[in-house]
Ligand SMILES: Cc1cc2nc3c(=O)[nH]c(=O)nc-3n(C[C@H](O)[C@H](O)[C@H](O)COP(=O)(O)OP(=O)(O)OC[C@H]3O[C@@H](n4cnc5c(N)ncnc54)[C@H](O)[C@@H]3O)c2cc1C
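Only one chain is given next, in structure tokens, and it is the form predicted alone.
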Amino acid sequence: MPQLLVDQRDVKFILYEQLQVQKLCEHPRFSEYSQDMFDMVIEQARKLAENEFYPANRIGDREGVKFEDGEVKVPECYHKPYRLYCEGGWLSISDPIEVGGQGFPFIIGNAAIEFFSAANWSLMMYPGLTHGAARLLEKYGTPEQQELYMYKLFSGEWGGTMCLTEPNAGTDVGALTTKAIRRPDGNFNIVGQKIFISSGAHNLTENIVHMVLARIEGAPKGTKGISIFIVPRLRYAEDGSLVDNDVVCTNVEEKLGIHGSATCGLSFGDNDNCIGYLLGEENRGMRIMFDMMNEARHFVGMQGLALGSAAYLHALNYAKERLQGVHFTQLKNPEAPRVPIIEHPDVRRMLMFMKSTIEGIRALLYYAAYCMDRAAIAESEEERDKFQGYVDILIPVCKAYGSDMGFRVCEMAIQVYGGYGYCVDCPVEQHLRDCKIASIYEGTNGIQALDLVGRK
């Protein structure tokens, strides 16, 4: 079977020749791992992606998400691959063993995620956001909050989201109006509306834990007065049972792409019975959420890489098989045989642009992931600051360049296919539709430029 998702040779070149990630095994944190184990992880990710995620991609795109009688249902074909993904421990492959993870370097988990993302991006959004919510609980949650929520998120038993956007507070997050009203028990009643919430409601998991930005009554205006709350769809009652927490899905967006991903409007506290639990300190919500946002932005850069990679490899294989025209040196020879379009200079030009662009994006994103590992195992504060500084600078670049150029590669893949590429039966048109959102969500690419220049 030809490679249709990820160029495995380039992955291994970047890992072992460019970055030499096998040397991470010399550090005590990764001393029990080896290059052979890294290869095994990547191979198993490839198999699961090709055998389970990829076949569900086109079906999920055509079926889409259903919103019926207040319930959100993902494509039926998503349930099996999601279950296998969670059972295999893929959601927490690079997280500490203490939280149920497998402890691999982040860059190895990053390589595995590329295969899953290239196979079925819409499906990958569900565990992707769940992982971000789990990481926030790991870093900022109290022991009780971790016990109640974190482990179920890292295992994939429950889903997770981040809830920022409101009808009048998109890029301008500081304009949000969702309120947190203090209760006598120290928790908060959450009241407000959120929109464009990825994975906001679905039937892949029993429960969904929302990370919600809201303003405590009396807090300062703007971003300085925002706090973050754990708001589960089902909360624990005093007897330990799960009860409704007054979180309602009001609508599911119909979108250009990522049809299998549930993009929801959520209403909190319509019946004044939505309880939220403060995560971290009051008025520190934006700083805490940015930890999740940085992971999400790297993840979105991966979206551009993965979809662009799949589009390129599909176009490459098509160009090798599609017979059309004669070789340019035989234009005046009426007896000349038809040749594959890959032999035409303009097609080769497009393929070389796609190949070089995807390899560049991959090198960029993998290096950022490698810097995260180096910061995590740094033996001095100076070394940690150095690599964390690289990460801080690279995140907006990964997100913006990965999404912009990934989309450009998808568009060029359609050009290689010609008229067939514009038809719904051709896979690359879905790659283009699924990729477009990457330059918009998790902070538009114009915002990434402001982040790079203004904050970094």
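All residue numbers are counted from 1 along the displayed sequence. Note that the structure is predicted; figures quoted are calculated from it, not measured.
FYI, the form predicted together with this ligand isn't displayed, but the following is about it.
Three residues, Gln102, Ala363 and Cys371; all within 4.5 Å of this ligand in the predicted bound form via heavy atoms?
No, because Gln102, Ala363 and Cys371 lack any heavy atom that approaches this ligand to within 4.5 Å in the predicted bound form.
Find the only residue in Ile208, Ala134, Met124, Ile258 having a heavy atom within 4.5 Å of this ligand in the predicted bound form.
Looking at the other structure, the residue within range turns out to be Ile258.
Which pick from Val300, Leu129, Ala119, Ala214 sits with a heavy atom within 4.5 Å of this ligand in the predicted bound form?
The residue in contact is Leu129.
With the partner removed from view, which of 135-143, 191-199, 363-371, 214-222 is the stretch that lies within 4.5 Å of this ligand in the predicted bound form, judged by heavy atom distances?
Flagged stretch: 191-199.
Spell out, yes or no, whether the shortest heavy atom distance between Ser155 and this ligand in the predicted bound form is within 4.5 Å.
Taking the distances in the predicted bound form, the answer for Ser155 is no, it never comes within 4.5 Å of this ligand.
Verify the contact flag for Ile437: yes if a non-hydrogen atom of it lies within 4.5 Å of a non-hydrogen atom of this ligand in the predicted bound form, no if not.
The answer is yes: Ile437 has a heavy atom within 4.5 Å of this ligand.
How about Thr165 - does it come within 4.5 Å of this ligand in the predicted bound form, if we only consider non-hydrogen atoms?
Flag for Thr165 set to yes.
Using 4.5 Å between non-hydrogen atoms, is Thr444 touching this ligand in the predicted bound form?
Output for Thr444 is yes: heavy atoms within 4.5 Å of this ligand.
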